[in-house]
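Quick setup: one chain, the form predicted alone, written in structure tokens, and binding and motion questions come after.
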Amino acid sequence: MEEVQYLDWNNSIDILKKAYDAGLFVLIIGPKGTGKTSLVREFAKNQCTNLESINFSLRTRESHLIGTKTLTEGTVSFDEGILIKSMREGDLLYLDEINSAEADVLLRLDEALDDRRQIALKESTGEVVKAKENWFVVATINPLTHSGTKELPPQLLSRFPVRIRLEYPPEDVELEIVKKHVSGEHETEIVQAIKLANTLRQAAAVEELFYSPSLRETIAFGKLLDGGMAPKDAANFVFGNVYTQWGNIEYQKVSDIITSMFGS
């Protein structure tokens, strides 16, 4: 499958480049499905740099970052984690959803992110690993309204002095993004789906609904149309049915919106 080119609609890649040149770590803030990961991948590709990434959750442990001791045929060795490997190689390290991590993990990470950019391998030999000069770190956080997310400690927040806000794009830009993934034969229906998505996003923003659809959903809608599905059916499967997990009232509210936009 041909790789889809990232549409840099708000000049974020240029901001990342300037931060990279200045040696300043970057924090990307925005809801899920706004293209945060795609942005970082595109930047890494443009810089011709290796990308190491980790997606944080409550299950992420220090060992994922630092490494673990292993026993092989009676010999104890230390398998270095993604943080240590990226520091040694000078890679671009992508910390996805960093505000989903536990406090002890963030505390250890903070040790590497301060101005010295070094960390002591107390789990192994005690060696102090100092990052290569071109080591670069980009982190993302979701808004605190997202399940499992926490407020980042001010000390860690200060390690990322450049902050990019990545929201859902304007409707015309979202249409261009979706068209990069589909045939383009159903533009009128896709425009309607984008309007539907924005209606649901706005309702979620003021807590009238529990869920805010992402760019992935509008792309999925277009792909179902390319596969021959009727627009209203595609809207129900992609946008409507997810709300059943919050009960019939929530689902019916969204179903009525879909019917008003796509017909009965």
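These numbers were taken from a predicted model, which means no experiment stands behind them. Sequential numbering from 1, following the sequence displayed.
There is another form of the same protein, the form predicted in complex with a small molecule; it is not shown, and what comes next is about it.
In the predicted complex, none of the heavy atoms of residue 20 sits within 4.5 Å of a heavy atom of the small molecule.
Contact check for residue 97: a non-hydrogen atom falls within 4.5 Å of the small molecule in the predicted complex. Proximity of residue 7 to the small molecule in the predicted complex falls within the 4.5 Å heavy atom cutoff. The small molecule in the predicted complex comes within 4.5 Å of a heavy atom belonging to residue 177. When you look in the predicted complex, the only residue of 45, 69, 59, 216 with a non-hydrogen atom within 4.5 Å of the small molecule is 216. Checked against the small molecule in the predicted complex, the candidates 32, 232, 201, 64 yield a single residue with a heavy atom inside 4.5 Å, and that residue is 32. Heavy atoms within 4.5 Å of the small molecule in the predicted complex are found in one stretch of 192-200, 46-54, 33-41, 224-232, which is 33-41.
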